[in-house]
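One chain follows as structure tokens, the form predicted alone.
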Amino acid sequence: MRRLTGLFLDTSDLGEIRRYQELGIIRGVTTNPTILLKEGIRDGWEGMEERCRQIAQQVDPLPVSVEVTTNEPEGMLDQARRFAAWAANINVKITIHGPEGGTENLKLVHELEKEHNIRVNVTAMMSAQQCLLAAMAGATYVSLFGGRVNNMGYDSREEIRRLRELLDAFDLPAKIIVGSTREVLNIIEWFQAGADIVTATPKLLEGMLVHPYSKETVKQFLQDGQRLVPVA
């Protein structure tokens, strides 16, 4: 039976990471340049390294994904080796291809995994066929952007099911990450469709946990409890 990995928290906020780690419900952390900028990292490489090292140390041994900031092959290789040296639980995010397409990124993924023993999370993928190629190249993680797939008018669950069947048929060990999560409902649906991992922001995790009827029920229990056993 396939065993799911679980939820990866999509943030670089140390406080939020600690908050959900203390609940025991996250199985990793994902970041990217957009997240780091949004959360105030502005001091270039020094600031990025410090934050990523802090995250990796805080969640160790859980995996942390850190994304390269260039699409130039030598630059990506240098950054990947640099990131991997920051902590043993850091893996490197590489996009499936550059802004104009091409095969260079996939070649690098294969090189990093097979020659440098660096775990790679191939990202920015919108189809099962892209994810299959990344898995064949040796990627540890293949990230399908489910929310963007839905935004394009397709059903992300069907892409996940196709991908799950293909990885199983080829006996490929890559873990399916589904991200770009827009709604709480996406999380359960994507796990059911075959994802190993779903990424979620802190806001979405709170949405999974807090239910208005649960709040109403708890209030009723407490009110009735005070009537049953008055507080002295």
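It should be emphasised that the depicted structure is a prediction, and the values quoted were computed from it without experimental measurement. For every residue, the number given is its place in the sequence shown, counted from 1.
Here the subject shifts to the form predicted in complex with a small molecule, a form of this protein not shown in this document.
- The small molecule is not shown here, but in the predicted complex it comes within 4.5 Å of a heavy atom of Gly179.
- The small molecule in the predicted complex comes within 4.5 Å of a heavy atom belonging to Arg148.
- Looking at Val59, you'd find every heavy atom of it more than 4.5 angstroms from the small molecule in the predicted complex.
- The closest heavy atom approach of Asn186 to the small molecule in the predicted complex falls outside 4.5 Å.
- Only one of Leu205, Met48, Ile35, Leu167 comes within 4.5 Å of the small molecule in the predicted complex through a heavy atom, and that residue is Ile35.
- Stretch-level contact check against the small molecule in the predicted complex with heavy atoms at 4.5 Å: of 100-108, 77-85, 140-148, 155-163, the positive one is 140-148.
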